[in-house]
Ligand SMILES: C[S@@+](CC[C@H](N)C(=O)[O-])C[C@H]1O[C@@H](n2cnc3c(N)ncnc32)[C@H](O)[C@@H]1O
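To begin, one chain is listed below as structure tokens, in the form predicted alone.
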């Protein structure tokens, strides 16, 4: 297939099965993807109840397309920047090629002018988004789900930034605490496995058995073999001894701290956490100089939430993480929009100690006793700095 071999194809669709009684997918879509080891073509096979994916090196893709057309399909559409080419096979196997004006280039330019370039593009069907009710089968994002679609893309942007910190020579281990309906868990799997070609082992953990059953059935339907869901409590989870990435989104109150402590104990390279319902420090904070603020319940509640995340960030820095506080989504949609992104780094002991001392002063000023400090344990506290040490 010349268009594939020369890297000209922007999108292709193979359809109209030669035989209705075979095991071939009813439709196969193909698009180029840039992976760590170069250009590939992603084949998305559409079966009645699921979709499967395979990333094929560009050098082998043309031969694969020709083989599938010869054996399974009677029609194909190849979209390039210069033109669209439709191939139709007669019952005797004779091919007719129709050339039409390019549609992908015009759409691409118009899309660039009016919309942000998102990780998951609108009008590009993603099976998990379709199954979760965010997209139509044609790939159009539903108006009622636009906020969720933006949230998923924002999350994937944050994940993309930390990919250099994940291993590439073995499967990446991810634990997602409090996964809920798992919109972002499925999105993470789609990005790393289907878009980027990583090997991935993900465990989604939640207390709700019915939610876990739904998520596992969907993972099975999509053929996401590296994605498993289990019923369990964050603080009590002991089935893993290590993790490369820990995700905890909207874990309530100190459940966030339990997840952060687990992540540190496992030596996670990346931590992504969106805290929720922070009550612990609201009951603890005391400082006479802050009475004008603390005497008003609403102000105290908001201050306590910020104070809690500041303590979390300082503690993570004291054990060797570089921490960023990021706006997850527009606060117009939810006030719980802060994401803590922590990446393990080679931090000198003197810096860790300085961060610890800053945290202690902060803790004492507010008369607080955060759960996370206790969960991390004394053994993780940085040692005293030796005089003259850098």
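Predicted model, so just to flag it, every value in this text is computed and none were measured. Numbering follows the first chain given and starts at 1.
What comes next is about the form predicted in complex with this ligand, which is not displayed.
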* Structure fact -> Of 261, 234, 174, 187, the only residue with a heavy atom within 4.5 Å of this ligand in the predicted bound form is 234
* Structure fact -> Only hit among 203, 304, 121, 255 for heavy atom within 4.5 Å of this ligand in the predicted bound form is 255
* **Location of this ligand contact in the predicted bound form, chosen stretch of 246 to 254, 306 to 314, 127 to 135, 91 to 99 [non-hydrogen atom, 4.5 Å]** => 246 to 254
* Mark residue 74 yes when one of its heavy atoms lies within 4.5 Å of a heavy atom of this ligand in the predicted bound form, and no otherwise. => no
* Quick one: does residue 152 come within 4.5 Å of this ligand in the predicted bound form, counting heavy atoms only? -> no
* Asked: Looking at the partner-bound form in the predicted bound form, is residue 222 within 4.5 Å of this ligand by any heavy atom?
  -> no
* To do: Examine residue 178 and determine whether its closest non-hydrogen atom to this ligand in the predicted bound form is within 4.5 angstroms.
  => yes
* Structure fact -> When this ligand is considered in the predicted bound form, the residues of 140 to 171 having a heavy atom within 4.5 Å of it are 148
